[in-house]
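Given next, in structure tokens, is a single chain: the form predicted on its own.
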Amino acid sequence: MKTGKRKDKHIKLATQKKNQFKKTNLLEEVELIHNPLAGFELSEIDTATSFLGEKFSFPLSVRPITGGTKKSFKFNKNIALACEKKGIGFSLGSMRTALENKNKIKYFKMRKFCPEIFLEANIGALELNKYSVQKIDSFLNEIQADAISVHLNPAQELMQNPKAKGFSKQFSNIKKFAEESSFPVIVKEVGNGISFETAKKLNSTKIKAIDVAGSGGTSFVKIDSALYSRKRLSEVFGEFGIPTAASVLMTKKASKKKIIASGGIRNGLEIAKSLILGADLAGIATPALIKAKKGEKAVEKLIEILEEELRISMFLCGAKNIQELKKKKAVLQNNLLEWNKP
């Protein structure tokens, strides 16, 4: 299946309930401690933060889902406009289509719609086997990106092609790319989570951040196994992965890199919980894509709701700003306690 056609099918399939994880991201097993005598007003709360030197109005980034086609351009434009207005970050989908066909780069040129915010490009780790650092950096310069995410997606790749190769070179390629690229590098998963072992290895490189992209949101294993008629593999591996909350805890223990918590984040309370667990930003993807189909204003409204919910969460915890919030304690329960054992 051609890359562009597959990307457009991702847009449709990612918004279908059957392609969401049945299991949760385990953030419901994180209990925050109520502080009803915080001593300040809700209006005094400051949600502003910074990430890799860039300012955010609050700690949220719209993470990548798809890109490189006419259809995805329309949706990404709506997301970019909304993120610019609300002052949060935005990451484009995989640049693979543009690397395969330079005429497709026009679908990645979002900077004119979001001139001020933190804008990420995105590439698969296996693509580092095929393209030079210079070629990738040239792409990043042309679209005026601030950073690049390199996504790890072995489970998804095997749904597309059970004979896929190149995984043995991924770590050395990432290490080399982070050393040679002139752009900050973020390593992310796509819904199966980052383990302690993986985070520890990545900590030895010059990457700047890790997006855990844990299980609990959209399952690209289910999506691509459906696209390639691999029903059996979907039934076996569709729920495979580390829940987001557990992945954040593991990554925090194993690495000193900045952390993005994504994977099933659906409200401002979950953003607050993620930051208390150790994340620096939270990320959403499918919820923004759903709203982007309705237009820029719908995405703006979603972002406003999430910020309001975060603000209320901070108030109820007695945190006047993001720095104070990250110092708050949480009570872990049940399955998450098992994941968090040494």
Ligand SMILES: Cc1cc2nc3c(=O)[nH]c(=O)nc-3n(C[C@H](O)[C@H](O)[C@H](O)COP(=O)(O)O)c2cc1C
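When you see a residue number, it is the position in the sequence shown, counting from 1. Please read all numbers here as calculations on a predicted model, not as lab measurements.
Another form exists, predicted in complex with the named molecule; not displayed. Remarks below refer to it.
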Which residue, Ile65, Met314, Val299, Leu281, is the contact with the named molecule in the predicted complex, using a 4.5 Å heavy atom cutoff?
Ile65
Within 4.5 Å of the named molecule in the predicted complex: all of Thr47, Ala272 and Leu310, by heavy atom?
no
Applying a 4.5 Å heavy atom distance criterion, does Ala213 contact the named molecule in the predicted complex?
yes
Evaluate Arg266 for contact with the named molecule in the predicted complex, applying a 4.5 angstroms cut-off between non-hydrogen atoms, and reply yes or no.
yes
So in the predicted complex, does Val30 come within 4.5 Å of the named molecule, heavy atom to heavy atom?
no
Report whether the minimum heavy atom distance between Ala319 and the named molecule in the predicted complex is within 4.5 Å.
no
Would you point out which of 134-142, 216-224, 247-255, 75-83 contains residues with a non-hydrogen atom within 4.5 Å of the named molecule in the predicted complex?
216-224
What residues in 86-112 sit within 4.5 Å of the named molecule in the predicted complex, counting heavy atoms only?
Gly93, Ser94
